[in-house]
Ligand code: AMP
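Next up is one chain by itself, shown in structure tokens, the form predicted alone.
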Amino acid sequence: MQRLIEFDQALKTLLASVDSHVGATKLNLSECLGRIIAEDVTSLIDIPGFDNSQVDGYAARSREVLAGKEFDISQRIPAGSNPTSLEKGTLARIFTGAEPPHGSDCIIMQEDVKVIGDQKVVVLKSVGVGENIRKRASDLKTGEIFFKKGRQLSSADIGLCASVGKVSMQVYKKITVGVFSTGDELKQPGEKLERGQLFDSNRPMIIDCVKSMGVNCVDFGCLPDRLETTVKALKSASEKVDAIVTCGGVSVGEEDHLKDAVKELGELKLWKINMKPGKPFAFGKLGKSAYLGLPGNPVSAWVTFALLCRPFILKLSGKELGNTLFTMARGGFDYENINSRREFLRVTIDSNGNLQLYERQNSQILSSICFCDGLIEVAPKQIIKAGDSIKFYNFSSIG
């Protein structure tokens, strides 16, 4: 009997097998959202480029400021203006982002003064040196590396790059992933269902999962349950893409031909993971293309794609991965895993921020993914009590 591979070892094997030689290209910054940078990014300027006020208020000399003291307003300083030196014994009206006048060393928030007429205020509290002043280069210094190669750029990242004057970026070229479904029982949405048939939901789901990662995706359609046809289709696809993902056909049934086809064409590096759902997952090599075989049950397909395929594809694309996919969260339920397999259970987050088990855990119930917030990981024989801290995979991070 074949020994099942532990989940952690399976993920380690997948990631260790990545030998990415993806090329790079230069793109305008406006085209870089979601792309993975192929170079360290350094700041071209100091950010901010000058001391400036964090608030709307009054520039002052801190040693002159006492609660209850009255001051004249000697100048008004909007953002973008060039102030004159601060006259002794006065305050300067200043606005957020403006440069404080020479001689001042703090900003009094406008909420901390009482206005008297047009040109006088009474200070309501004292302030310290440097208070409410954002110092030059306090965010970034000229020449400072702020993003490392392998980072996938978010909208905020694009904004930070723009703030230092970046016009273009070196990013990795997109890899291409091909997706098959398998099974004579599958019909495509819009076709007529006969008795014993069902609509192909896995392929559209996995195609969108791939596209959401920012890589190119090729829909290779649905394979019939015939070994010769499967071998021919996989061989052709492997010459066109960097990775192939299949849905179904990797179990032990007489009509499950993918495992044999992969062995005939290339190498099967692992098969059968000690996890639930997702046991029949397979991984191998087809020529220059990686092979990732997902189980046929919809939840099993989604879970194994999220936890195994997604990090593999991201690393193949050039992305530097974090240490873990999960966070620790508080459970609001009791549970005992009586099985010898590692379980990944669907959970919701309640109004108190605690995790609650979703009532329907069957691997064929795809709606459970739609109506849950994430997965928890439960080791074999592990006992969970309400209030325990448990491994939580948030769908917003892995989906």
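When you see a residue number, it is the position in the sequence shown, counting from 1. The shown structure was predicted, so the numbers you read here are calculated from the model rather than taken from an experiment.
Omitted here: the form predicted in complex with this ligand. The next part is about that form.
Visitor: Under a 4.5 angstroms heavy atom criterion, identify the one residue in 311, 150, 101, 296 near this ligand in the predicted complex.
Guide: By the 4.5 Å heavy-atom cutoff, the listed residue in contact is 296.
Visitor: Only one of 340, 30, 364, 352 has a non-hydrogen atom within 4.5 angstroms of this ligand in the predicted complex; which is it?
Guide: The option sitting close enough to the partner is 364.
Visitor: Is residue 242 close to this ligand in the predicted complex, meaning a heavy atom pair under 4.5 Å apart or at it?
Guide: It does not: once this ligand is placed as it appears in the predicted complex, residue 242 has no heavy atom within 4.5 Å of it.
Visitor: So, residue 276 and this ligand: in the predicted complex, are they within 4.5 Å at any heavy atom pair?
Guide: Because no heavy atom of residue 276 falls inside 4.5 Å of this ligand in the predicted complex, the answer is no.
Visitor: Is residue 129 one of the residues lying within 4.5 Å of this ligand in the predicted complex, judged by heavy atom distances?
Guide: The answer is no: residue 129 has no heavy atom within 4.5 Å of this ligand.
Visitor: With a 4.5 Å heavy atom cut-off, would you call residue 259 a contact of this ligand in the predicted complex?
Guide: Contact with this ligand, no.
Visitor: Only one of 91 to 99, 234 to 242, 179 to 187, 115 to 123 gets a heavy atom within 4.5 Å of this ligand in the predicted complex; which is it?
Guide: Of the options given, it is 179 to 187.
Visitor: If we check this ligand in the predicted complex, which of the residues in 188 to 220 reach within 4.5 angstroms of it by a non-hydrogen atom?
Guide: Stretch hits, in order: 198, 199, 200, 201, 202, 203.
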